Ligand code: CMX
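One chain is shown next in structure tokens, namely the form predicted alone.
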């Protein structure tokens, strides 16, 4: 880990100095206003945290370290983790070190398997993932370093070590959960000759005769790796970590947030909608049939799953990446055919309806259909896939938080009578 740590050491020193200077010189400088609507609406859009790993522009979409996500779809996931942490791609020596770190730490402790095997057979895959990560907390280098009195400005190094432990093992754990929970057979051990994404695809054990599934998994890991720090899972991890809890505590908590229907279940719900259309119309509906169906949803007060986004006002570029992959590899699949037809018709219907702030598809409108095409038909596992990918962004965010000396998160709470008084309502 010497090369990566050396690069991070330079970044950490700069971040700490800049943060202290800004806090001292601009303690009273206002950077925005908060409205009652934002407070009452879940503090949506309030500029209240630092996230250097990625940004989401409403008119453009996700950028990883200021690089548009569509320029990164062919990148290796390991390279993306390095980019998230350092702001640069690894050179050949750093890439070799990355592979070595992921390979060296891939062995999962025996007690994790004991716990997973002792859980009820119908446990939700996300419960199994969160539990496995939390059980591994005893492996935390961060906690041992803190307990031994290491200086706080050096704690980022141990968070980085924990990140390698987590990322190296989470694919093995997630793939094993898939095979255990859905009766796919024995666990498949990781290989030392495969990259991180390819190893994950291999351990899932699904057919991959032309390596397209491996390509999809690599791209999936990249596209879902990070999405600013204010989403439920990342914000949860940052909040827990701000109390100097280690990565295992923080990431397990994040996965409990990701499991919620309003966060990580969207791709599952989108695919359910597509499959319902497939069953109802016996395949791909005609333009007229689909248009009528969508108007029925909207007139009934429902939404079109996969369309609209809390932040974006354009087609999610991650959808574009998945959509293009589907057009190249799933052209004869009727389920993807419905995804394609929805993309042609849903925005027009929503525009005519006139109430949606964003009529364009988000990433969830396509991702589930591709997993389904390659044989992963178990909806309950899709959020685990999301969680494996998001481990990269969350880990990088927490490494940087410790590197910069980020303080504990502690927003001010308001009572309902108090905010009514502020609004002149009482």
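Rigid core here is just the name for the largest C-alpha set that superposes within 1.5 Å across the two forms. Keep in mind that this is a model prediction, so the values were computed, not measured. Numbering follows the first chain given and starts at 1.
Below: the form predicted together with this ligand, not depicted.
- A residue is said to contact a partner when one of its heavy atoms sits within 4.5 Å of a partner heavy atom; residue 90 fails this definition for this ligand in the model of the complex, lying far away.
- Residue contact with this ligand in the model of the complex: residue 386 places a heavy atom within 4.5 Å of it.
- Proximity of residue 351 to this ligand in the model of the complex: non-hydrogen atoms within 4.5 Å are absent; the residue sits far from the partner.
- None of the heavy atoms of residue 54 is located within 4.5 Å of this ligand in the model of the complex.
- Contact with this ligand in the model of the complex, judged by any heavy atom within 4.5 Å, is made by just one of 285, 205, 317, 308: 308.
- Of the candidates 304, 116, 159, 271, 304 is the one whose heavy atoms come within 4.5 Å of this ligand in the model of the complex; the others do not.
- For the three residues 61, 65 and 395, a heavy atom within 4.5 Å of this ligand turns up in the model of the complex in no case.
- From the list 397-405, 359-367, 66-74, 28-36, the contact stretch for this ligand in the model of the complex under a 4.5 Å heavy atom rule is 359-367.
- Scanning 249-265 for heavy atoms within 4.5 Å of this ligand in the model of the complex gives 261, 262, 263, 264 in sequence order.
- Annotation: Cα of residue 189 displaced by less than 2 Å between the shown form and the other one, core superposition.
- In the core-superposed comparison between the shown form and the other one, the C-alpha atom of residue 44 has shifted by less than 2 angstroms.
- After superposing the rigid core, the Cα of residue 91 is displaced by less than 2 Å between the shown form and the other one.
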